[in-house]
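The chain that follows stands alone, in the form predicted alone, written as structure tokens.
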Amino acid sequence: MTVTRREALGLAVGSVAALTTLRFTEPAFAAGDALQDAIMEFTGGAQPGDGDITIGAPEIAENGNTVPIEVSAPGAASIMLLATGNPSPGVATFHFSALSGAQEAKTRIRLAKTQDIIAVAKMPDGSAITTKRSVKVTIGGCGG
């Protein structure tokens, strides 16, 4: 069996593409671990507790493509938003400085399905606080 130059090149390109894909994808069963890992990385290993942090989100979102979210944590240095049901849980991270008027942010996010939104705030002293809110995503406003 002889292999032409064209076949060898195709095999090489295909192998590189397959290895690259396998290297950068996470298994589906690691989603829970990915969420905890993201929180621990953000907080520097500190276990988040309860505190003065709020999430403003609709209880029912008729369109998961654009869900308005507000988050506020007075005195926070950074706030991270996570969506537990999305393929990639990290949604956004907001950083604040001494010149920030308030430690709050508004954005619109995409939600794949009904899920919890988690907000984690890192305080200047190294502690962390967290809260979560459930958002029901309906399909065409008919429930879901």
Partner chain sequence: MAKVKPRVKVPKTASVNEVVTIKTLISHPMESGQRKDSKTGEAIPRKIINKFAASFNGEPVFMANMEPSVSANPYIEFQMRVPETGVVRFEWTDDDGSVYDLEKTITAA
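As the structure is a computational prediction, the values presented were derived from the model and not from experiment. Positions refer to the first chain, counted from 1.
Keep in mind that the form predicted together with its partner chain is missing from the display, and what follows is about it.
Under a 4.5 angstroms non-hydrogen atom cutoff, its partner chain in the predicted complex has G90 among its neighbouring residues. At a distance threshold of 4.5 angstroms between non-hydrogen atoms, N86 is in contact with its partner chain in the predicted complex.
In the predicted complex, its partner chain sits within 4.5 Å of a heavy atom belonging to I109. Put simply, H95 is close to its partner chain in the predicted complex: some heavy atom of it is within 4.5 Å. Here is the short version: of Q47, N65, Q36, T54, the single residue with a heavy atom within 4.5 Å of its partner chain in the predicted complex is N65.
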